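Presented as structure tokens, the chain that follows is alone, the form predicted on its own.
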Amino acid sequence: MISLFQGVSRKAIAVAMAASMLGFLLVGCGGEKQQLKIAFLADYSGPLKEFGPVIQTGVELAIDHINAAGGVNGQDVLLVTGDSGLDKTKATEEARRLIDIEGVHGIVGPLSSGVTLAVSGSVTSTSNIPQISPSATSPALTNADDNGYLFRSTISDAAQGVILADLAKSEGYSKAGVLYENSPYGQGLAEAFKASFEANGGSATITAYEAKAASYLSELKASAANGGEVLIAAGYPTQAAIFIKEALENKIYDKFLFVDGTKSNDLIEAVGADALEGSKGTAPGAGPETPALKAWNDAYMAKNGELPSLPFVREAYDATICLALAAASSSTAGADIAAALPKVCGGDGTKAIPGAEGVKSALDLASDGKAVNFDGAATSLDWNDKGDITNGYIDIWEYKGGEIATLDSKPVDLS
């Protein structure tokens, strides 16, 4: 048998073998050439179980576009899912599984603010794994101690609270009761609403409730103590189904305003379309049709047949694309992805938009080390140093004919 190294010195062989081993280590351990794995950690059980599968369609569309463009590092990006169940313990355990067992390099999610903060504080910020929530709107995220690993692709409720207060005023209400889930999401939104509503001459009584209570009658009565003309339902569908029925049955309220967490087809089914008919609400939205939004809408329609009625599907798409672009521009190491996120989705690079062609253009630029600025389907993704989006839109929507109809979009700026 002829040696493969015949005529080659022992020193040259040793150098070649060392180089080969170094290459293996860089690929296997350093993350530079690994197959990118992205997790979607969302609600498939619990009070928000309606939202997880719908928002996942946005993540899946993003994965389709990324892989059609050749993926990252010449390999398809893999999607792994986990169920957070609106439970902090369950979500943190799932996050650890996704990182330690599945080997994911970035997480899209969770959906709720309280669970997002729990996962960030206990898992991702100490594991050096970037996390982008498409729907955690609490102002508490802004100053979270996350070591630079927590982002969101939706705008803070510091904006939604103002638009909700404007909506209440435009509907002719001067006194409001607010029933909010005792969580960072509910509290942040309730307080933002109250501050803005009262600054404009209104009066608001805000009352917290616990998520798993069987009845909210005492909280409803407390919220109406100032003679509230309307109830602001700042919680989630399964809870709202209980307290809306109780408010009607006990003649405490018959007028309601809703938010993103109570923008729900399940709520229509649980309460009845007639009880909700004409009630309006607010939720982060995408605003007027831009080239980026049109490209996304066209792609989503082509795959799914109709646009989603629930919020945060576009935001989940944007988050997934940004993780892939950040990895393509640097490596799959978590620290590199986190550092690259504001550069590939924001900044002064060449503009790119959603859709198969736009994503391919963006990935080509990022892979070649060129500056790219991905313009999201939902927002411009101008992350600040807190991981916050600073401008976007809040939709005004309505329960109408047993469906959810968007009426208007209001621009907001938190910069």
Partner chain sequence: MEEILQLVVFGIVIGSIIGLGSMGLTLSYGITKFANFAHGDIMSLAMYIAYFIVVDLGLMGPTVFSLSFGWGMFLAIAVTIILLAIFSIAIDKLIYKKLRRDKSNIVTMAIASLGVGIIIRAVVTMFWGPFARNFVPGIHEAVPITGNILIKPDQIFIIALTIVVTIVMYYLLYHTKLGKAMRATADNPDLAAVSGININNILAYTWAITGALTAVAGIMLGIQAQVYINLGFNLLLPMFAAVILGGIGNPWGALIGGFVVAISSEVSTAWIATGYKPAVPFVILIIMLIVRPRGIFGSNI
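Source: prediction; values computed, not measured. Positions refer to the first chain, counted from 1. We call the rigid core the largest set of C-alpha positions that still match within 1.5 Å between the two forms.
Omitted from view is the form predicted together with the partner chain, to which the following refers.
The partner is absent here; in the model of the complex, the one residue of 146, 219, 83, 336 having a heavy atom within 4.5 Å of the partner chain is 219.
Though the partner chain is absent from this view, in the model of the complex it lies within 4.5 Å of a heavy atom of just one residue from 208, 118, 158, 295, which is 208. Residue contact with the partner chain in the model of the complex: residue 310 places no heavy atom within 4.5 Å of it. Looking at residue 248, you'd find a heavy atom of it within 4.5 angstroms of the partner chain in the model of the complex. The shortest heavy atom separation between residue 266 and the partner chain in the model of the complex is within 4.5 Å.
The closest non-hydrogen atom of residue 78 lies beyond 4.5 Å of the partner chain in the model of the complex.
With the partner chain left out of view, the stretch that reaches within 4.5 Å of it through heavy atoms in the model of the complex is, among 277 to 285, 237 to 245, 146 to 154, 159 to 167, 237 to 245. In the model of the complex, 182 is the single residue of 163 to 185 with at least one heavy atom within 4.5 Å of the partner chain. After superposing the rigid core, the Cα of residue 179 is displaced by 2 Å or more between the shown form and the other one. Superposed on the core, the two forms barely differ at residue 339: its CA moves less than 2 Å between the shown form and the other one. Taking 2 Å as the criterion, residue 223 counts as shifted between the shown form and the other one: its C-alpha moves by at least this amount when the rigid core is aligned.
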